[in-house]
Ligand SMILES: Cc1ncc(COP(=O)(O)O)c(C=O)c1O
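Shown below, as structure tokens, is a lone chain in the form predicted on its own; questions about how it binds or moves come after it.
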Amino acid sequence: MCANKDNAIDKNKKYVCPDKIRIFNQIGIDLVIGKREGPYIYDFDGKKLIDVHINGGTYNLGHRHPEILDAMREALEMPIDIGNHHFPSPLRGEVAEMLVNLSPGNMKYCVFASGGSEAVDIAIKSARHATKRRKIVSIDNGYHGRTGLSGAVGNTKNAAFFLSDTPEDSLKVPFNDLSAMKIALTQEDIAAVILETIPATLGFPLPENGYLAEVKSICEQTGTLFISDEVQTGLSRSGNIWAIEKFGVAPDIIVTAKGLSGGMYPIAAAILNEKAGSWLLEDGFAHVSTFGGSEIGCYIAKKVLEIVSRPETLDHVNRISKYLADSLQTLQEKHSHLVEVRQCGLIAGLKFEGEIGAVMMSKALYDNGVWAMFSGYDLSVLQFKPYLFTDKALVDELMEKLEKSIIQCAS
């Protein structure tokens, strides 16, 4: 690892991500992460930051959670490695069983992937095979990854950038617009609707009362499968294992990734009901993934699922979410610059005045010791996602830093 911050920035600017570095440089953020622990990350220059971006939910349990570190050490001492995706694996079977049992509805199968984009691709392919239809409905400015199929059902501009947009196969409708959804599904030629339960990159707009349940009902009437993208909202962030459960919906497919890794080893999965997973009985070689369901990754994921499904974990998330909600409401009442609070458990989007209000807040918070990322498709909304084990003292510290940053931006 480069021991020098400037050297690390130069190498990444030259070989890895020049334009991303340019953008953050314009904002005034030159973060190079060194030490990391619990809710904290440290810049190479020693600057300490509370991480409430958590890389989209990857650090759901915090950075380097002690039980995850122990699991990693145990896995490395076992006579295992990534494994071979062609053959049965005890660990893969155990994690698949846990995911199926922890999911709503009548889930039956689990197909592993190495990341969320790949898992979304699996979900789309499964829906197309099950329905013998091609078209997928998603929302305007949604985000489901950046590979071929996952990218095509996300933001059109991003898909078109790589000439991967497929308008004949991908329909976009506004979020929370039931009329548009009904029109899109009326021809009964849609393989699946894919929705993030609470769309992250769009700024976490909350689904209106009854919206998700009605979408699922329309899907059932038209023979369309419902794919719930829980990559950022799942694994107990909402106070339920899956956020979709809070809205009384049992999807046909659930996609999980990011936090399933414990922040230590990449792993993702598409969880399928019997209809969606029918292809697994027909052609076991129809989809393969060398790194999907790696045995070391499964050992980590098993511990992650054990932690997030503990009653005490879920109880804590629900209690601290209420404290966070009350604290944010108090702050909003004091400062009109904070226009709107969108919150479900420890999933929150904070909308600020101005088209780039969240970009300004991200910089101010960075200066004041908090890392919070602005939403890619709504630069007025700040993604604010504390880790699962946030306590009242940390909420209080966050509110203090948030208020200081609001005052600076508002002035």
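The model shown is predicted, which means the values in this text are computed figures rather than measured ones. When you see a residue number, it is the position in the sequence shown, counting from 1.
The next section is about a form of this same protein that is not shown, the form predicted in complex with the ligand.
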| item | value |
| --- | --- |
| Interface stretch in the predicted complex with the ligand - options 314-322, 77-85, 231-239, 334-342, non-hydrogen atom within 4.5 Å | 231-239 |
| Non-hydrogen atom within 4.5 Å of the ligand in the predicted complex for each of G115, G145 and E196 | yes |
| Among the candidates K216, H287, K258, R92, the residue which, in the predicted complex, approaches the ligand to within 4.5 Å (heavy atoms) | K258 |
